[in-house]
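Just the one chain here, laid out as structure tokens, in the form predicted alone.
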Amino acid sequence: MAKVADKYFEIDQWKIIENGYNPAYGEVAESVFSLGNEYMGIRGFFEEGYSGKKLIGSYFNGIYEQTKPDYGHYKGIVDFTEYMVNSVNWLYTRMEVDGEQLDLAVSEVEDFRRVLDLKTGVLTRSFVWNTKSGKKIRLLFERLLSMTKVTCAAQKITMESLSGAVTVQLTSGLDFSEKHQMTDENLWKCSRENVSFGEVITLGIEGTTLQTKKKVYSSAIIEADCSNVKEIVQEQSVAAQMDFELKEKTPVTVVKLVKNITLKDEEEQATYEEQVAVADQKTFDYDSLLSESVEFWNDVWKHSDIVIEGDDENQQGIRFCIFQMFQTYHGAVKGTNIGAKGLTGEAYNGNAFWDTETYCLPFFLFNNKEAAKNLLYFRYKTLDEARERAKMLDCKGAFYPIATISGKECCNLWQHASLQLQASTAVAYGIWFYEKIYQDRDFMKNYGLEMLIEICRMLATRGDFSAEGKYGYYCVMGPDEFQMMVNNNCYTNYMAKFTFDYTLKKLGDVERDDEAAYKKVTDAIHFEEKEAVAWAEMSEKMDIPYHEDTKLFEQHEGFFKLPHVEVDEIPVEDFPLYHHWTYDRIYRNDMIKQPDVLMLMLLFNSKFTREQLEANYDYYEHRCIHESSLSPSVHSILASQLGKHKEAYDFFGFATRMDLDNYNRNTREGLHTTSIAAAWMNIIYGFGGLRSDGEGLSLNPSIPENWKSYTFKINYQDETIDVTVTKEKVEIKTEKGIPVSINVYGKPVELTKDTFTCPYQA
């Protein structure tokens, strides 16, 4: 893979540090220094204004806009897109001294340092401003989002003169006037503007999106010992302009306490109005918010930390990944999903994709049950939209979108939106995985079974029987998006068979365990027993393209006959291929964008023999070009399993530092959220050898050659399991002492609080 690190940030096990400011990395740093709490997210832009390249990004989960392109289309092709919209800049600040405005693109500064502390969640930035009039002012900016009171955030600015008395004019406000970068237009109409002065300064403003009518009410309390306060009320912003008389070596602090309240659905209107009515009441202070944040992150690291000895770069990298996963999603807001960039940028329009259930869900299943449950609840909440999408595609049941915010299909590329069934089968897989880990029968009765039935109805009407009597799917696109309009994609057919079989089992289980619940679900959606009979036949006759002589699963009918391309011989200047090859050229060979058959073999690892795994890995690995950032982790995990340890580490190479080292040269667009989740899988499932698709959990640890040891934690059956691996031994224990049965190197072990130890098996 022709990807190399672009080193910029300092290496530190618990912090992300930028020493000195380089404008060439400005937008990359904005993404890396993003803060989020699932409810809202804010990029690491300079709050005081900056005339250089920037993306002033402030986003809220579930606040989006919609566009309707003006072009004709065939039935089934969507005629609109939805995108997460840039919202209020609640950090808005301007600072002047002697008529000069602070702007790091032109101002003279020294001792610049920016730090994201992974233990506290606080982002700090400090420097000395040397003004044109000869003044020297030390500035410290701090910002913090509450992880528990998710509507709350805070900003603190400390000013200190180093050169005698200085008058500083500081303006602090709430600003809806920024353009949405992807559309180059502002998408807000504002109202309820207010500014009031008393013991503290209070600000408030409401923004309403132009098309979708979503609302954000932003309020702030400013605590400052200032003079000559002036209100500034404009069409899309409110602010307070304050004068500060700084004495030499006497720090002065300004604190802004912010509440941002969103209205996403009409049924939330009453609650929204109640919150807005009391938004200007002080319910927290900076110190309490900081204390709660420290407590939250202490708990995260206690239960979810990965410790690597002997590799500080990957230690920093994986902790950054874990930190960002919890910032992106931790069960705070029921019924939302995870966008491909989280809340850190506008690329992919803030849409969630099928990799939510296949890449992100495993992280939350073993780290945060509530978050995992909420992710799946989003799919139930949007089941009606999936039903409507199925109708558009001449199917029954529910066809889940390949890209979405609201539950509606937002991808206007028909070859993806209409041909990819894996979003629907990934939902079924997610339900199966969640139930397997937590045995949550109530979830199955209240939500899961209905979704499974509707997905099966879609699969039963989207597929068909061949002339030979085999059932399969025609004109589809599997996970490998370089193969379009193919027949009987192995991944698609296998996942459909799994979904049929699992749903039939759950129909029987629920009917046997709770007949009233079974009847409630099946009556509500008019399920008939003959449907189950048909699904059983479809499963039995499913066409799984497998060649016994070679042990190879053929990616789709005719794949083995495609012209071969040696991917390592493609000139580096041809990348990315979408920019340098004609669109149809990409589809005319056996080059693979990202794992397809190998992805299947990871999801259902225990179903395949070692001989099958080796044969398919050896065949497909050198055909994969890894144009997706999700791709290398799958290869690394399987390579670890097959004892190809150097190869596994080479694929792992940029997993934890994809964004910190800007490997794809696109970190400026936002963080690769699902790739961050894949980095966690790469360590836990790859080197840790965790497998969770069989009867119970199994571990087959290996260790990279340059690591001295590593420790990871997984939360399972109300327990936290600690695993430590060195080149001599493996140590495993539970923290509470609840007995947990697992397999270690193929042998059954009952874990307790007493450490289980066995020799390391290379």
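Note that residue numbering begins at 1 and tracks the sequence as displayed. All of these numbers come straight from a predicted model, not from anything done at the bench.
What follows is about the form predicted together with a small molecule, which we do not show.
In summary, among the residues Tyr429, Tyr620, Trp354, Phe326, the only one with a non-hydrogen atom within 4.5 Å of the small molecule in the predicted complex is Trp354. Proximity to the small molecule in the predicted complex, defined as a heavy atom within 4.5 Å, holds among Lys541, Lys149, Lys593, Arg691 only for Lys593. Of the heavy atoms in Phe244, none are within 4.5 Å of the small molecule in the predicted complex.
Although the partner is absent here, Ser87 is not a contact residue: none of its heavy atoms lies within 4.5 angstroms of the small molecule in the predicted complex. Proximity of Tyr348 to the small molecule in the predicted complex falls within the 4.5 Å heavy atom cutoff. When contacts are judged by a 4.5 Å heavy atom cut-off, Ala340 counts as touching the small molecule in the predicted complex.
Remark: none of the three candidate residues (Glu48, Met95 and Ser161) comes within 4.5 Å of the small molecule in the predicted complex, counting heavy atoms only. Judged by heavy atoms within 4.5 Å of the small molecule in the predicted complex, the contact stretch among the candidates 624 to 632, 382 to 390, 580 to 588, 317 to 325 is 624 to 632.
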